[in-house]
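As structure tokens, one chain now follows by itself in the form predicted on its own.
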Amino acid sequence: MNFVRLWYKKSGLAVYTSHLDMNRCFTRAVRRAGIPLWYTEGFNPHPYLTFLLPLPLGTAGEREPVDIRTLEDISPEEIKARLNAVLPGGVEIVDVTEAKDKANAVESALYEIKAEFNSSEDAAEFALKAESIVKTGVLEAEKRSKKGIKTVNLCEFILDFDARADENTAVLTAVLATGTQNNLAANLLEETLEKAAGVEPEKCSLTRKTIYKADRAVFE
């Protein structure tokens, strides 16, 4: 039995595919690609296929990990080629490696938020307001947890933040807590900043670019 970590890119219309549907998509793709997966034992066996950090609906990802266990020794290049031949548009395997880090090593992630406005002035104003708000150290929002809805200070989950304007687009880059204990979704940050700044962009896109461990080393 071989432990393999798939790294996939999710973009375009595929960002609106739910986590449950992504699970089904990969399960079917692995089957169509002829990659023999190891099945769990017990009353209801199922193929071992684990998404380490599911993407929120509407968020793109440049390098997202999925772990599988194969019954046969297949080269990473072969696995990548077979899967990309059967995966739908917007979902692409960018790398296949051994699983070096455990899932619980994930602590944070780098996100890019792009908010498009009607003018470069509006984009620059939002970028300036967003950075000023985060610098105050207080940005409250309602966050759903297992115990219900509570008000939290999002700044406690922002590890790094930068905002700039690129013509009519405000580009926000943020390292957010993304571990098992603390977690801040980029869409909640984006929506809360827009509300606090009193703006409403024409279009907004979110991308998770890199996943980090505790020491800000890249998760592998």
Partner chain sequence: MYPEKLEKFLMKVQKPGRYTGGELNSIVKDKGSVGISYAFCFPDTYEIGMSHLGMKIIYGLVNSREDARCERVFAPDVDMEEIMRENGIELYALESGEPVKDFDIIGFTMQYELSYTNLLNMLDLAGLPVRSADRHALTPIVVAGGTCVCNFEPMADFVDLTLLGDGEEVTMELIDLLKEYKAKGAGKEEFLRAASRIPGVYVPSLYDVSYNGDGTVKAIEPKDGAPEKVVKRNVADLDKMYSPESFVVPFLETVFDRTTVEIFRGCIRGCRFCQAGFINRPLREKSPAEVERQCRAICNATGYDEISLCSLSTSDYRGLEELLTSMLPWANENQINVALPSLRADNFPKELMEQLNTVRRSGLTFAPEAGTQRLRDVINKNITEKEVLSTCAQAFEGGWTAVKLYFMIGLPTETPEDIAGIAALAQAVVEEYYHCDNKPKGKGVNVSISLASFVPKPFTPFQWEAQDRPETLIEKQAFLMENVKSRKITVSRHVPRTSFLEGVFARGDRRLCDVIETAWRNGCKFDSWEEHLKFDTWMQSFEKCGIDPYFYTARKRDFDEILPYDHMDFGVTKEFLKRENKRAHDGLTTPSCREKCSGCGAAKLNGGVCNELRQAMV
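Positions refer to the first chain, counted from 1. Values in this document were obtained by computation on a predicted structure and should not be read as measured data.
The next section is about a form of this same protein that is not shown, the form predicted together with its partner chain.
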**Report entry** Which of 62-70, 154-162, 30-38, 172-180 lines the interface with its partner chain in the predicted bound form (heavy atom within 4.5 Å)
**Finding:** 30-38
Query raised in the report: Is residue 25 close enough to its partner chain in the predicted bound form to count, meaning some heavy atom within 4.5 Å?
Result: yes
Query raised in the report: Would residue 17 sit within 4.5 Å of its partner chain in the predicted bound form, counting heavy atoms only?
Result: yes
Query raised in the report: Hey, in the predicted bound form, is residue 209 touching its partner chain, heavy atoms inside 4.5 Å?
Result: no
Requested in this report: Using the partner position in the predicted bound form, report whether residue 88 sits within 4.5 Å of its partner chain, counting heavy atoms only.
Outcome: yes
Query - Interface residues of 40-56 toward its partner chain, as seen in the predicted bound form [heavy atoms, 4.5 Å] - result: 44, 45
